[in-house]
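Only one chain comes next, encoded as structure tokens, the form predicted alone.
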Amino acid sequence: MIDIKGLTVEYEGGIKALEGVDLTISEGDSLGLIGANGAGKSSLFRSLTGLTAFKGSIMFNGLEVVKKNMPEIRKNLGYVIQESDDQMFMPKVIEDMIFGPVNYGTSKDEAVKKAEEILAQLEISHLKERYNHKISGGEKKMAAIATILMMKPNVILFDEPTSSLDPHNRRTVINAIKRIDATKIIASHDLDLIYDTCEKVALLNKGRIVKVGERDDILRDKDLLEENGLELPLSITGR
């Protein structure tokens, strides 16, 4: 589904955020993208979505990630960004959810019906008519996920989906992610989240892929994690 070859991202001043990254994500994968600050996780997401210039190649469902193909790619690629306030721009949750489908030609009635189904699936039907600026951070994160699901993407990118959430809202978001039927790539410092939601893990350090493998092979390897500025998930250490 996604085939990345030699991905290199260089910012002003010659700073390389990614260098020679090769990575393949198959349909149905749930991949955790981990690494210390500055490892290159956000740059990889920005490359996938065409938001930053890069060298190398990225193929998405047989389409090369280049400017002319981005409208088609973005129909099948959802991106839940870290700051929900930057994603939600309509006054009400329901208005945000139906905005994309209606602008792609779906009738308003049909879009509202689909929105109600997704809200029920995520167990947040009570948010339908709520104003975005009057809901909590956890509720806003769930609403942002619901908005992305409205576009029926084949692949969803999650950038730090549980950051700044209290334990209850964190668990709500984790449960929602686990129920979503799509290929998922989750970038996070929260290794317990990654352990709960992902079957595979890609470890980045200073812009390079260190290791890609099964969840337990990486997240239970204390030496590997510590060598790359990370610690074992709390669920494994028992702390």
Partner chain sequence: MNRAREASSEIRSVEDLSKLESPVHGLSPLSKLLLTIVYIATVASFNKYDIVGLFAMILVPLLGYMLSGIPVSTCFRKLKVVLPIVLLVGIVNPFLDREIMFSIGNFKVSYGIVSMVTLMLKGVFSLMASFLLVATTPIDDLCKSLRKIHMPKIIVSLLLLTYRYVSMFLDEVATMTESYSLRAPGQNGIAFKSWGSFLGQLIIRSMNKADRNYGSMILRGFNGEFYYCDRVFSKLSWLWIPILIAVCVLMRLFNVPALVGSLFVR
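All figures in this text were calculated on a predicted structure; none of them were measured in a lab. Residue numbers count along the first chain shown, from 1.
What comes next is about the form predicted in complex with its partner chain, which does not appear here.
With respect to its partner chain in the predicted bound form, the three residues Pro167, Asp190 and Tyr195 uniformly fall beyond 4.5 angstroms at the level of their nearest heavy atom.
When its partner chain is considered in the predicted bound form, Gly137 lies well away from it, no heavy atom lying within 4.5 Å. Among residues of the shown chain, Asn205 is not one whose heavy atoms approach its partner chain to within 4.5 Å in the predicted bound form. Its partner chain in the predicted bound form comes within 4.5 Å of no heavy atom belonging to Gln121.
None of the heavy atoms of Glu117 is located within 4.5 Å of its partner chain in the predicted bound form.
Between the options His126, Lys152, Lys113, His133, the residue in contact with its partner chain in the predicted bound form by a heavy atom within 4.5 angstroms is His133. Shown alone, this chain has one stretch from 171 to 179, 44 to 52, 58 to 66, 25 to 33 that lies within 4.5 Å of its partner chain in the predicted bound form by heavy atoms: 44 to 52.
Heavy atoms closer than or equal to 4.5 Å to its partner chain in the predicted bound form belong, across 95 to 121, to the residues Glu95, Asp96, Ile98, Phe99, Gly100, Val102, Asn103, Tyr104, Lys108, ordered by sequence position.
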